[in-house]
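Okay, here we've got a single chain as C-alpha cells, the form predicted on its own, with questions on binding and movement later.
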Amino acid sequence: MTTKVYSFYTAGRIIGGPGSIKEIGQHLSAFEASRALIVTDPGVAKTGIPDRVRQLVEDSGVKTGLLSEVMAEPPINQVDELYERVRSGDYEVLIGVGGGSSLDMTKLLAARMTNDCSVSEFLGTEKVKKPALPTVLIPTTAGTGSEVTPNAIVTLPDQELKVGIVSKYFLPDLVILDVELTAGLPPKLTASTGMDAFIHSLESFISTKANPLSDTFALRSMRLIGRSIRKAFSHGDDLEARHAMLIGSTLGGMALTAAGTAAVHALAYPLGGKFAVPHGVANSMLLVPVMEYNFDAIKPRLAEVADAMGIDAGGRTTDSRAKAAMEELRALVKDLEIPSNMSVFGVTEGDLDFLAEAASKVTRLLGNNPKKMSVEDIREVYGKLL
C-alpha cells in the first residue's frame, strides 16, 4: 500500500469509437458558442481531416475559422504571433486537430485569449492565472496523449531548449478519440509517436511519484501499445491495432498526468531544442540507455512491464522478467527502425557537455527518476548514442 498522497485530473469528457467525430456538433451545443477556431498544422491540413471537422461544426450552426500554420514543436514566439492573428475573431471555443504540437498550441492559444500577457509568462507550473477558453481536442496520432494532460511543450530558440508548461487550465472540456482519423498515419510517425506514448507509460510506472492510479493507466497502456505497435507500423490500415494504439496513448497521457515522466524525457528536451530531433524519436533513442542506467533500481517494475506486454521471460524470477523486458525494449527500437546514433542529427562528441548541462536543468522531470543522475551520468548516457 502506498503511503503517498496522490491526485489526478483529466479532460472534462471523452467520447470515442470509430466515426465518433460525427458527434462533435451535438457536443458543441454545451458550450453555447457561435464561433469556433480550428487549430491544426500544414501536414494534417493536407489530409482533409480539419476540413471535415470544420464542415461538421458548421453543419451544427457554429461559424468557424481555420488556423493551419502550427509548427512542429512550436517556438514560443509563434504562440504570440498566432494569437495576434486570431484575437479579433471573437472565438468562443477552440478545436485542436492533429498531433501533439497542434493540441498544445490549441491549449496555449485558449489560455492566451483570456490572459492579457505574453505566453512567456506561462513558463513553469501553474503560472496561467485565468481559465482558458473552452477547448475540444481531437488527436490524429497515437503518441503524445496531450488530449488528456495539463501540459504544453514549446521550444525556446534562444536557449536551444524545449520546455514544458503545466496548467490545470490546459485540460480540455471535450476529447474525441476517433480511430478512423489515425488510419493514414505514415509508418515513421506511427513508430515515433507510438513509442513516445509507450515511454510516457513506462516512465510514469517507474516514476518516484507512481501511485495506484498512474500504475493502472500505465500498465494497461503498455499492454495495448506493446502488443499492437508493430502491427500498426507495418499494417497501418489495421483499425484494431490503431484503436489499441489510440487508447494506449490516451491512457499514457493519463499516467503521466498522475505521476510524471522522468530522465528519458529530460534528456530528450535538449536534443529537440538544439538539433530539432523529433520528440518521439529523441525519446526512443534514449529509452534503452536510460533504462540500462536505471536497471538496478527498477527491476521489480520492469518485471511487471514484461508481464503486461506478454513477454516470455524463459523463467519467472524478477531478474529474468526484468532482463526480458529490456530485451524487448531493444527489439522494439530496432524493429520500428528508430535511429540509434545521434550523429544522424548532427550531434558530435563536442556537443555532449552542452547536452548534459542542459538536461541537468530539467529538474521537474529528473526529480521523478528512480535513480539520481549527475551531469557526468547524463553525459555518459548521451555518449552511448554516438
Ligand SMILES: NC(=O)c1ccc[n+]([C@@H]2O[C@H](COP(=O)([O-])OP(=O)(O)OC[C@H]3O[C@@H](n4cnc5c(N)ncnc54)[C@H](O)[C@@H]3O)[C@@H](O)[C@H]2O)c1
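Computed from a prediction, not measured in an experiment: that's the story for all the values here. Quick note: we count residues from 1 along the sequence shown, nothing fancier.
One more form of this protein exists, namely the form predicted in complex with this ligand; it is left out here, but the text below deals with it.
With this ligand omitted here, the record of contacts in the predicted complex names 97-105 of 217-225, 97-105, 124-132, 305-313, defined by a heavy atom within 4.5 Å. The shortest heavy atom separation between Pro339 and this ligand in the predicted complex exceeds 4.5 Å. In the predicted complex, at least one heavy atom of Ile49 sits within 4.5 Å of a heavy atom of this ligand.
Contact annotation for Glu92: none of its heavy atoms lies within 4.5 Å of this ligand in the predicted complex. Taking non-hydrogen atoms only, Leu202 never approaches this ligand to within 4.5 angstroms in the predicted complex.
Though this ligand is absent from this view, in the predicted complex it lies within 4.5 Å of a heavy atom of just one residue from Lys274, His279, His243, Arg301, which is His279. The contact residue chosen from Thr141, Ser284, Ser207, Thr250 relative to this ligand in the predicted complex is Thr141, the criterion being a non-hydrogen atom within 4.5 angstroms. Remark: none of the three candidate residues (Glu23, Gly65 and Asp178) comes within 4.5 Å of this ligand in the predicted complex, counting heavy atoms only. In sequence order, Asp41, Gly43, Val44, Thr47, Ile49 are the residues of 19-56 having a heavy atom within 4.5 Å of this ligand in the predicted complex; the partner itself is omitted from this view.
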